[in-house]
Structures are given as C-alpha cells and as structure tokens.
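The chain that follows stands alone, in the form predicted on its own, written as structure tokens.
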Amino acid sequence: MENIEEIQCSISGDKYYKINHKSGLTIYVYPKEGFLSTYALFGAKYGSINTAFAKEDGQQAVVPDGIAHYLEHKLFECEDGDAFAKYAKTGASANAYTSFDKTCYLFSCTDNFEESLKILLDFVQEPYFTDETVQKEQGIIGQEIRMYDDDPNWRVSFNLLGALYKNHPVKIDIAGTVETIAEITPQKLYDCYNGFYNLHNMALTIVGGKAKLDVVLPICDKYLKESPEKKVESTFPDEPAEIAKDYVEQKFPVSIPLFQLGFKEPVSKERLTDKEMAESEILLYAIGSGSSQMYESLEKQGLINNTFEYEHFEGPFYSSVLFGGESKNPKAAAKVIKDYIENLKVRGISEKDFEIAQRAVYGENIAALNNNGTVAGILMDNDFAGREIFEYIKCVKNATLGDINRRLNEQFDISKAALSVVLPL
C-alpha cells in the first residue's frame, strides 16, 4: 500500500503529493493547473563523489573517478534500442545529467505523457552493459573530458575546488580523466548500478499539467519493480578545516582574466538544514547582488563586469561560498571582497540591506514555483538532502537580521579563502 501525504504551502496556495510507493521509490506529484507542459525527473542519490562504498556483499569498493557520469551515458543504451529513439516517437524532449551528488534522467512534454513516463521508468531500471559498448563509449566521453579541459570557465572552477579541498572527492572532475575512465568495465558499472540504483535510494518528481495522482500512480504501480530495502553507505575521507592552498592560476587563450574566490565553511554534518540554506541565500544576496555596496565598489573600480556572480556551493560533507567572473585584476577584486567581508563581520548587515535581500529572495523563490523544471529539480534535491520546498520558503520569510549576521560569521573565515585565476596566454 502506498502512503500518500498532501503537502500545502499556505503562502502560495500550491500543493503537492509525496508518495512512499510500495516499490520503495519516493514519488512527488506536483499539479500545475492550466499548464500545458509536464516535466518528469527520475534520479538516484549517486554522483561523482560516491567513488568509495560498500557493495551488496559487504565488501568495500573503490571505483574509477567519472564512473557515475559514464553510467549515466550507458543507461540510455537498452538491449532493445536507444531510449532517445523511443522518446523521438512520443515527441518528448529527453536528457540526463550527473552532478557531484546525484544522477538524474528527465523528459518534458506537452503530449504523450503516459507513454514517455513508461519509457523513463523502463530504461532506468534495465541496465545493459557489454564489453563492446563500454569500450565504445570511452572515446566519446574522452572527447567530452578534453573539451572541458580546454574550457577556461570549467578549469577556473575545478582549480578552485582543488585549492579549497585537500581530500574530499568534490575536487575531482565529474567526468573523471581519460586515464580513469579507461579502467571502467561492465562489472564495475553493474557494481555501481546495483549499489546505488535501488529504488529506496531514488526519487521520481513530476510537475505540470499532467501531474495527477490518478495518471501517475497506475503507471508506477505497473512499471516499478519492487526492490528490497538496503542502505547504501558511501565513505568519504576526513577533510581538514584548512584549505589545500590559497592561490592557483592557469593560462588560457582568453581576452580577460577569470577568477573565482572561495570561502570554505566548516562542516560537521552531511547536509545543511532548510534554515541554514535560507539564511545563506539572503546573506549572499545582501553581500553580492547587483544592488549591494560591495558590487557597487567593485564596479566603480573597474574590477568586475556583468559576468560577476556568487554561489553557495553545498553538498554531502562540503560547503563553501564562491564569488567570480571576469576581472582585469583578479587579485585586486579578491582583496576588495575579502576586505568588505572582514569589515562587514565587524559592523554587521544593516537592517535596510537585510530587508531588501529578504524581500528579493522571498520573491525569487515564490516566482520559481511557476517553472516546472525548477520545481522538479528542487523536489529531487530536497529529497536527497532531507529538506522541503515549502519549509524553505517559510524559513526565508521568518529569517531575522540576527540569524543573518550569525550566519555571516559562520560562513566566512578569511583564513579559509582561496583564489583561482585564469590568465591570458
């Protein structure tokens, strides 16, 4: 029997259903009346950082870097044909992605939703790996890896992660290297699939006009294969509070230097709470948005342009704040940011800046509920992180100036800052 919970948002009037399906899968159905399109996301709590784990027999496995991404590519290849070819017949737009902590398969459509959902549930549950197909993929993914190696924006980001983190696998490229993917075999792919693609370690999110219980559940009842409950235990190396190094640079054929400045946050648990995440979003808006004093100062000095951005980068046992973009003088830009934050920690965020940031972040989160893909992605992220979309919005609304200033001191330690720069050849 399914356990169905209706979850409502008193602020927006939206609601969705959380279903603990008899197969072991957690399903989210988020109806959007009047929407023509529907978005579906089927994901596993398994990403590039999960390279060390306990197999079904209890033995520890250490697999090559990039194998989660490799598995994502291979899963579309079914014994009875390619999943993309099947989607072409329904008219759905399909894709997939692998991140640090998850792998997701998706489609969006306006018609033939039920048939497209059947395809999604079918191919993700039917792995098919052979020596021949696995070896064939090595050349394709090798080209993708070399493309990212030649991308200055990609390199400035991963060079920064390598500077911030000494041991955590978040510093390793999601696709791995040409050398590591050469170690991948069908058996290693099956080990990872059997370990992580268990329905108890997965979620399905469906958002849009066709997201209705009486449409979704009969298909899930028929196509989901009941699986025994098992807990997948990934292991991570101890990560010290200190950064690996405070500066790294690389040269590329770019016209303007690129930079990313990161602040490593101490982490004592797997994931942050809704409250901590909401406070961080408000805090970073107050510090780095286009209306902030720091942004204005950087712009007046000609140290940034409209490529400047900021991010709270968070996942299993890692958390940091990143600022970056193009700059004619990256070191000077980084100094302005660090000095501004140091001064801000002394004087605190002002009441006015807090109120502006809180209203803006609150409005952005309410507006995001109108995007099917965004909502499906947030539902998936929150399921794996133990958070909830409406609780997050409530935390944004209820945050106080004291909360934000406390978070400022928790998140920013200048001694834990690292700068990554890409300079012209």
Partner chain sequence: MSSIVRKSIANGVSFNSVNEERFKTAKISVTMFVPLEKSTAAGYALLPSLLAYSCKKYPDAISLNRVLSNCYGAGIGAYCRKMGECLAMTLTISGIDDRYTMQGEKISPELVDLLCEVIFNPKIENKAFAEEDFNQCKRQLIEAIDAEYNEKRIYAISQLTSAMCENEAYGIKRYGSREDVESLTAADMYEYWQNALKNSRVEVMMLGSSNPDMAQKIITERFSQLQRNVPEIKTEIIKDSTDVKSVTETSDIAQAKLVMGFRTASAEPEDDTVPMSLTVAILGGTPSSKFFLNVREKLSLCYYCAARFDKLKGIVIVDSGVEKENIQRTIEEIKNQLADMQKGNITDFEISSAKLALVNNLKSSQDTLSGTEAWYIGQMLDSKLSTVDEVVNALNSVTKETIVKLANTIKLDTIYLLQPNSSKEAE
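Residue numbers count along the first chain shown, from 1. Since the model is a prediction, treat every value here as computed from it, not as a measurement.
Not pictured, yet referred to below: the form predicted together with its partner chain.
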**Prompt:** Looking at 238 to 246, 293 to 301, 195 to 203, 219 to 227, which lies within 4.5 angstroms of its partner chain in the model of the complex, counting heavy atoms?
**Reply:** 293 to 301
**Message:** Against its partner chain in the model of the complex, would Tyr128 count as a contact residue? Criterion: heavy atoms within 4.5 Å.
**Reply:** no
**Asked** Though only this chain appears here, would Lys55 touch its partner chain in the model of the complex if you measure heavy atom gaps against 4.5 Å?
**Response** no
**Partner proximity in the model of the complex: Glu281 to its partner chain, non-hydrogen atom cutoff 4.5 Å** = no
**Partner proximity in the model of the complex: Tyr318 to its partner chain, non-hydrogen atom cutoff 4.5 Å** = no
**Prompt:** Each of Ser37, Ile140 and Leu425 near its partner chain in the model of the complex, meaning some heavy atom within 4.5 Å?
**Reply:** yes
**Item:** The single option of Phe313, Tyr285, Phe263, Phe100 touching its partner chain in the model of the complex, heavy atom within 4.5 Å
**Value:** Tyr285
**Item:** Of Lys275, Lys188, Lys166, Arg146, the one that lies within 4.5 Å of its partner chain in the model of the complex (heavy atoms)
**Value:** Arg146
**Item:** Contacts with its partner chain in the model of the complex - residues in 227 to 258 whose heavy atoms fall within 4.5 Å
**Value:** Pro253, Val254, Ser255, Ile256, Leu258
